[in-house]
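Quick setup: one chain, the form predicted alone, written in structure tokens, and binding and motion questions come after.
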């Protein structure tokens, strides 16, 4: 089942970031486009394996994966980001939707979703104190130092994936980073139409019609 969002994605699916436009995702000059897949499934064991197997069979690397309860009882929400092309993404979503436990799957370019990610950086306190450029970079990216002791400090950030990667590169280049972890990207669509609501209403009516027969 395809929708207007997918075709809208095709219209804006260029891998080239326009000049002066700030990309939400790290810029990778390999001709591929960042896509965000939003998938709803029944909350059952083994669904995650079914979904990731679709990517594995097409040798697609998952850049980020987040799984959480959705706003609907009994349904889980998967947010997957990867870099590919429109035709490949269309096939991937079709294959995922064929999985019996998957309710709905869609994919979007960055213009059609609001994305956010969280990350923690563990850095050496001695270098943080000695090198003022490190604290400047932390403030510039609106990150916060949430823990400080004689050995290490912990920096927390919440923002766009591109900002998180940029700060990671800066801290790494300053030779102070001990650990790094990110939450995985979460996303909501910018559409005024909530497609899952409509889908569930139609499915409910279909089930009721079958019961009456």
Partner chain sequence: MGKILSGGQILMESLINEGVDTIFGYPGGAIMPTYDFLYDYRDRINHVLVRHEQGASHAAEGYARVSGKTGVCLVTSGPGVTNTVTGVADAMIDSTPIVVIAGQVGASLLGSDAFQEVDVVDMMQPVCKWAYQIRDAKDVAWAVSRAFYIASSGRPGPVVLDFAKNAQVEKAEYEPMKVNFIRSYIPVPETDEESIVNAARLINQAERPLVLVGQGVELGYATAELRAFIEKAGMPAGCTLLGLSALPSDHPLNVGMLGMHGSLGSNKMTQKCDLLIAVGMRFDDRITGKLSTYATQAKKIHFDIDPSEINKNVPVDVSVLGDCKTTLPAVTALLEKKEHKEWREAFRPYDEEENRVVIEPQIHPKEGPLRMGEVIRKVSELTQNKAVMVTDVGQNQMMSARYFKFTQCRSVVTSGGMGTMGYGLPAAIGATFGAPERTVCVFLGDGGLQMTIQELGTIMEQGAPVKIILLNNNYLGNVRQWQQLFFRRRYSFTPMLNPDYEKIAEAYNIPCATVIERKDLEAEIEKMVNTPGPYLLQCAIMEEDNVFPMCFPGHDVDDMVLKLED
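The shown structure was predicted, so the numbers you read here are calculated from the model rather than taken from an experiment. Positions refer to the first chain, counted from 1.
Omitted here: the form predicted in complex with the partner chain. The next part is about that form.
Residue in contact with the partner chain in the predicted complex (any heavy atom within 4.5 Å), chosen from 59, 151, 68, 49: 49. Put simply, of 116, 129, 75, 120 only one has a heavy atom within 4.5 Å of the partner chain in the predicted complex, and it is 75.
For the three residues 25, 141 and 156, a heavy atom within 4.5 Å of the partner chain turns up in the predicted complex in no case. Residue 53 belongs to the set of residues with a heavy atom inside 4.5 Å of the partner chain in the predicted complex. Contact annotation for residue 94: at least one heavy atom lies within 4.5 Å of the partner chain in the predicted complex. Put simply, residue 190 is far from the partner chain in the predicted complex: not one heavy atom of it is within 4.5 Å. For the chain shown alone, residue 42 is a contact residue for the partner chain in the predicted complex, at least one non-hydrogen atom being within 4.5 angstroms. With the partner left out here, the partner chain still marks one of 78-86, 120-128, 133-141, 99-107 in the predicted complex; by a 4.5 Å heavy atom cut-off that stretch is 99-107. Within 4.5 angstroms of the partner chain in the predicted complex, the stretch 141-168 places no non-hydrogen atom at all.
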